[in-house]
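What follows is one chain in structure tokens, specifically the form predicted alone.
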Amino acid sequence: MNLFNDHKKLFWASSGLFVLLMLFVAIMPAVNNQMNNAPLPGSLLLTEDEQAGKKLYISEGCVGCHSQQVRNVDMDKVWGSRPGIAADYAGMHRISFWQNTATLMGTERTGPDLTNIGQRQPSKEWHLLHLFNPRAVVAESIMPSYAWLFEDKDAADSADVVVTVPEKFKGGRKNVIIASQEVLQLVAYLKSLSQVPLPDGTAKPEFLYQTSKKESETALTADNGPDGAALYASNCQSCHQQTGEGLKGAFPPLKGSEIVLNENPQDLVNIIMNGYDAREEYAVMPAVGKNNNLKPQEIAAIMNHERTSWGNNAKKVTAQEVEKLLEAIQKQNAVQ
């Protein structure tokens, strides 16, 4: 065949084949994705600080241990309210001309999945303490400390973000610990990671290989009410600890707390629902109830767990009582 003996013909034939392959393998699929995928309504673009935090997330190698994908298997229910879909990633773009690490879906879970970490853990103070020393909030953590992202000062300036660290986890530092701009940007990125709800009427993808009904009802108590211990573990334990003793100098104890044991539980309901920032020696508590859309019966279950655990012995509350207190708090806030 003359084709293989004529370098000019061979050049143009191979070039044409390359263009044809590029058209079918790269260009047409890209056009199809562009036409058929769009971000979900309500999706937000990363802010400048969140984008900078994403770059730090990449440079520090966080993707090596954390994924950002909720698979459609039952074991992934703890990471999100639904399996991930293509639209969850449609709004992500190249970081720069040279960088295409847009989605950071990851391939390994040495640490937890972070798809919905902004909703699971909305506390900036918790993230800062966790990054400074992970063992301060999770004793069994094998995550490395990122203490070099924090500064030491003799005294904090008015614009500084002071990180409240228990003395035993300071690693010998004696001065005030200040969050750098870089770590604040990283926390901003982590807090931006949240699953966007599907539009009304859209069928939600199902998790496969679900456990049996009997096994899935373990989050209910004997009277078919919500399990306060399980709800506490998923909403409160990361700060207040399994023992209810909190972390000295960071998160207040619930064991023996006057607010928890008060006969009038309105303050406790208000704190769970709307957060708390009244004590300088402790970190700000986020609005757990509001952020996680907790129902009155779930709030009551958490309160009853706190009021009857770790030696606490206060009267239990009902969902109806919590509902009335929520209405009273709402009216009070409206007047203010």
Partner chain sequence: MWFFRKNRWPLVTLLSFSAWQTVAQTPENPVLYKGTDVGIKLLVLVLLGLFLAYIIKIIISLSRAGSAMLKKPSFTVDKNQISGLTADQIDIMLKIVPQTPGPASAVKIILPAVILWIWPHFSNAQTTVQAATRENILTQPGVLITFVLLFIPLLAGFLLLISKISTLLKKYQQSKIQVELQSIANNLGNDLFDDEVSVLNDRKRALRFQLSQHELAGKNRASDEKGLLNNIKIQHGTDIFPVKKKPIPRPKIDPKLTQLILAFIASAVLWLVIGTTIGEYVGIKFVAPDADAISWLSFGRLRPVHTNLVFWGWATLGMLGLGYYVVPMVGNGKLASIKMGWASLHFINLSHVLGTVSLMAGINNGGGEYREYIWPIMLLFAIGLGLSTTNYLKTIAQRKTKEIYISNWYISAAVIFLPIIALVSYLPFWQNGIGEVILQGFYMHQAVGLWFMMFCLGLLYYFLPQQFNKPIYSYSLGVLAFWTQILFYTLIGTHHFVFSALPWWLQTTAIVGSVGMLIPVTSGTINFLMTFKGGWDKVTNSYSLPFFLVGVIYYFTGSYQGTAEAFRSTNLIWHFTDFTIAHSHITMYGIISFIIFAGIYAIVPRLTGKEPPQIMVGAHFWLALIGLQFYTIPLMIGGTLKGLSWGDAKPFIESVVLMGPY
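Positions refer to the first chain, counted from 1. Small disclaimer: the values here were computed from a predicted structure and weren't measured. For clarity, a rigid core is taken as the largest C-alpha set superposing within 1.5 Å between two forms.
Missing here is the form predicted together with its partner chain; even so, the following discussion is about that form.
Contact with its partner chain, judged by heavy atoms within 4.5 Å in the predicted bound form, is confined among 151-159, 175-183, 189-197, 95-103 to 95-103.
Not one of 46, 252 and 259 comes within 4.5 Å of its partner chain in the predicted bound form, counting any heavy atom. Between its partner chain and the residues 81, 107, 243, 264, the one pair within 4.5 Å by heavy atoms in the predicted bound form involves 107.
For the chain shown alone, residue 287 is not a contact residue for its partner chain in the predicted bound form, no non-hydrogen atom being within 4.5 angstroms. In the predicted bound form, its partner chain sits within 4.5 Å of a heavy atom of residue 5.
For the chain shown alone, residue 326 is not a contact residue for its partner chain in the predicted bound form, no non-hydrogen atom being within 4.5 angstroms. Interface membership of residue 42, defined by any non-hydrogen atom within 4.5 Å of its partner chain in the predicted bound form, is ruled out.
Contacts between 12-26 and its partner chain, taken as any heavy atom within 4.5 Å in the predicted bound form, involve 13, 14, 15, 17, 18, 19, 21, 22, 24, 25, 26. The Cα shift for residue 29 between the shown form and the other one, taken after rigid core superposition, is 2 angstroms or larger.
Remark: with the core as the superposition reference, the CA shift of residue 50 between the shown form and the other one stays below 2 Å.
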